[in-house]
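Okay, here we've got a single chain as structure tokens, the form predicted alone, with questions on binding and movement later.
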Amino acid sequence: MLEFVLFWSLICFSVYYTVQWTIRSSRKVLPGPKGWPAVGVLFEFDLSTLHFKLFEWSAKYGDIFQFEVFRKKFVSLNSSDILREAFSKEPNASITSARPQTFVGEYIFDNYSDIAFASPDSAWTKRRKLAFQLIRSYGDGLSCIEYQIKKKLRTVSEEIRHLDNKNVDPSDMVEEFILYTLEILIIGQSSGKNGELQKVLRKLDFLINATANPGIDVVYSLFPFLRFLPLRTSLMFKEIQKTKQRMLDLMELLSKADTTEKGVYHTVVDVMNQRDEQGKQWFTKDNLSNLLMNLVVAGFLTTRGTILSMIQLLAKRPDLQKALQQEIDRVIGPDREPCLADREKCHLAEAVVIETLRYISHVPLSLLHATSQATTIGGYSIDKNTVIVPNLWTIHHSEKEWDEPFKFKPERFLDAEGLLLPSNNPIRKRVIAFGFGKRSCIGEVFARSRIFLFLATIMQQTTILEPEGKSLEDLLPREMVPGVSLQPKDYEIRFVLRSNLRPS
């Protein structure tokens, strides 16, 4: 009897493994670098510039390929069509909307208490809906935020008048402008560049930018004990927690000030008192602190890198500046302040903003996604719990997608009449600077509005020239300072008032 059971068990196992082998053999095998046993491709790229290696591999392996790090599977998506198939078409849009387990999400954002690093569930959906409503209420939806931005731009204009024709590093001016608008959004007021809150927000942003890139996260996710060692990155992670708490303390203090102006912080504090259907607190203190940190991180360095890159690019393109100034003069005139309603008529200015976002690809690798179940992308079978890498750097610099991708050409987004291509145009749809689908950036309109108003104000009043007595390097995307959000290297330029350049 025992022999009979063993015989048929052997037959069943043989059939099962034959079927499994046949299924695996019939699947299209994802191409990709093989790497080394156990460690995979870990030692084949620099942690801070993973996007360069993925760009190199995409030329060899195509629009979708796979690599492993310590037996963890990663799939890189390297074309706009593949990315849209993965993120905007069901059922993939839902399957790929999960986030992988990450060190940053667990340890920096308090066990995924935020909206950026957390995977979708009912609680996450409520938090994201709340964040979207807050941005609409305090950012895009109220005319008061435009008034505040324009008010700050008057200060910027006054500063430029004092700097007329002097060599200047524009980073301080740009950072103060962005941080001011963030303070207005979050707390309803600004204490200025000498205020403690701006200093804390600036420090928090640069700490996150230096530590939260995918390469570093992969290593710390695999070896979380590294956070206890006296390594430079580990010490920075600890400093992030201290700085985040300092930010909360300052916001709590400022929220008690005797003022009628309110911001996001006031609303989320009230939300903490709400209860769900079961009578439980659905929005906690951890949710509050990490939602605010999401807004700060997303709202500062990405816009900083874009505006500073745009200034450097324009300084090297006097012809483009002249065309922009002619458009601003025609649409707005020399005296009226630019407003958001002008965007729809300033086609070249909008094209410059879009091309800057494409050219620098300020977030080269979007936040990692993960598959919540097995699926198919690009004709390849993708296993459950595979990490998906949205390779925006390659998409924005691929010769398959763009003519001369490493040249700054705003005209690529204009038609023959000089009008901006519509948002559903295939060329414009290849720009994915803010993502799309279920995990797209909820602050895109707020960010692009600030960038447009800054650009229009600067071009209305000044011409940007190269510095006196020194050279200004061309802005090359491959040479930008690495991080979660790429930044241009430090540089100097001159702002010259247009009134001083016009013939008398």
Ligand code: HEM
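Heads up: residue numbers just count along the shown sequence, starting at 1. Model, not experiment: these values are computed from the prediction.
Keep in mind that the form predicted together with this ligand is not shown, yet the notes after this line are about it.
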Original post:
this ligand isn't shown here, but in the predicted complex which of 266, 128, 317, 400 has a heavy atom within 4.5 Å of it?
Top reply: 128
Original post:
Considering this ligand in the predicted complex, which of 115, 324, 208, 197 comes within 4.5 Å of it through any heavy atom?
Top reply: 115
Original post:
Even though this ligand is not shown here, does it sit in the predicted complex so that 339, 459 and 493 each have a heavy atom within 4.5 Å?
Top reply: no
Original post:
Looking in the predicted complex, any heavy atom of residue 435 within 4.5 Å of this ligand?
Top reply: yes
Subject >> is_contact(residue 446, this ligand) in the predicted complex, heavy atom dist at most 4.5 Å >> reply: yes
**OP:** Mark residue 450 yes when one of its heavy atoms lies within 4.5 Å of a heavy atom of this ligand in the predicted complex, and no otherwise.
**Re:** yes
Original post:
Can any non-hydrogen atom of residue 440 be found within 4.5 angstroms of this ligand in the predicted complex?
Top reply: yes
**OP:** Choose from 290-298, 370-378, 248-256, 152-160 the stretch whose residues reach within 4.5 Å of this ligand in the predicted complex, heavy atoms counted.
**Re:** 290-298
**OP:** Between 301-315 and this ligand in the predicted complex, list the residues on our side with a heavy atom within 4.5 Å.
**Re:** 302, 303, 306
